[in-house]
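Next up: a single chain in structure tokens, the form predicted on its own.
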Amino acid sequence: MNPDADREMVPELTAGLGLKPQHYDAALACTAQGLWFEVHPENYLVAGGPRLKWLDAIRKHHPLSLHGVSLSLAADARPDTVHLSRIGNLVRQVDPALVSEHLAWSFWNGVYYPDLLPFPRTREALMRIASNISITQEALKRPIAIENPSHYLVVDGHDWSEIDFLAELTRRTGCGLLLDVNNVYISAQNLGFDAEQYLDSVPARAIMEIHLAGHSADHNSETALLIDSHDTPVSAPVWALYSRLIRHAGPKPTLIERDGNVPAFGALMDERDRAAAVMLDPSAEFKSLAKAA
């Protein structure tokens, strides 16, 4: 597998949206240049029916991305063989432009937990996760992108910084990075590190995809914890960080994520168009913020 060649083969994608069932008709009719749609493969692991029929219709007009939430790559176990096989069947069926997963675990002793859980970035964890990524890529016959996690508390016992850990995973396995800018922002706020410095340190060549999303504050927390809720528009600080990242890394396929309080398709397209404009001209975001002020 030559990951660099595979990355170069990704179709020309600009900014995309998470595909929601209530937006299928509007998505199918939309003719925006470079538009693509992302889905969670777990919602489409069926033998047939309306979901797959719609997905097949959409992919004839727009590229697709599969963004997994259940492979549990950071668990102390190999990916579930049956589940990975089902995802592989879907990959072959819909031929997505991108496939991604989270740097987290959610499976333990036969039980799936409805969350993406943290872990200490130890040398042992690096070897285990690298092995799980390689197993996944071999099963899917393509490189995947790994998403940086959102953090809510300090986890002790790290041997690696997050950037170095991610970079080493890409070096060992040939995987790429899915850089979630909102995750960087809320983690920086919650843990007290510099989000700009984090983005400036990311190996640009490894980035296959970018995510942008909204967040909310946990008002029950004494420390005003920020939550990666995906239920609000992308915030001004995240837009500013995104512009900085594009200046650093160049344009990358960028997704607007919205999973709660989902607005009309047109409102999401406005955010999508804003991201597409930044990809063309990162300074456009500063002009937009100055105009709003």
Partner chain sequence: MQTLAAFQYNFAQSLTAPPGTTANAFAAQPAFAVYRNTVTKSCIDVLQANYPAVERLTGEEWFRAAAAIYVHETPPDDPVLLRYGATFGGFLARFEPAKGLPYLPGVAQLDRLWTEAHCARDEAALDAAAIARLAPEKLAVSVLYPHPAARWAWFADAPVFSIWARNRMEQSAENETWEPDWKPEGALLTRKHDTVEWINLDASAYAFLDQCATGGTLAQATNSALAAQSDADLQTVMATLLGAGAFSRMSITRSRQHRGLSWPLSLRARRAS
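Residue numbers count along the first chain shown, from 1. Remember, predicted model here, so these are calculated numbers, not experimental data.
What comes next is about the form predicted together with the partner chain, which does not appear here.
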- Query: Does any heavy atom of P114 come within 4.5 Å of a heavy atom of the partner chain in the predicted complex?
  - Reply: yes
- Partner proximity in the predicted complex: V155 to the partner chain, non-hydrogen atom cutoff 4.5 Å: yes
- Message: Residue-level question: is A47 within 4.5 Å of the partner chain in the predicted complex, judged on heavy atoms?
- Response: yes
- Evaluate W108 for contact with the partner chain in the predicted complex, applying a 4.5 angstroms cut-off between non-hydrogen atoms, and reply yes or no. yes
- Query: Any idea which of 79 to 87, 203 to 211, 177 to 185, 139 to 147 reaches within 4.5 Å of the partner chain in the predicted complex, heavy atoms considered?
  - Reply: 79 to 87
- Message: Can you confirm whether K60, E162 and P263, the three residues that make up this candidate site, all sit within 4.5 Å of the partner chain in the predicted complex, judged by heavy atoms?
- Response: no
- Message: Quick check on this chain: which one of L225, A26, A267, A240 has a heavy atom within 4.5 Å of the partner chain in the predicted complex?
- Response: L225
- Applying a 4.5 angstroms cut-off on non-hydrogen atoms, the residues of 112 to 139 near the partner chain in the predicted complex are Y112, Y113, P114, D115, L116, L117, P118, F119, P120, T122, E124, A125, R128
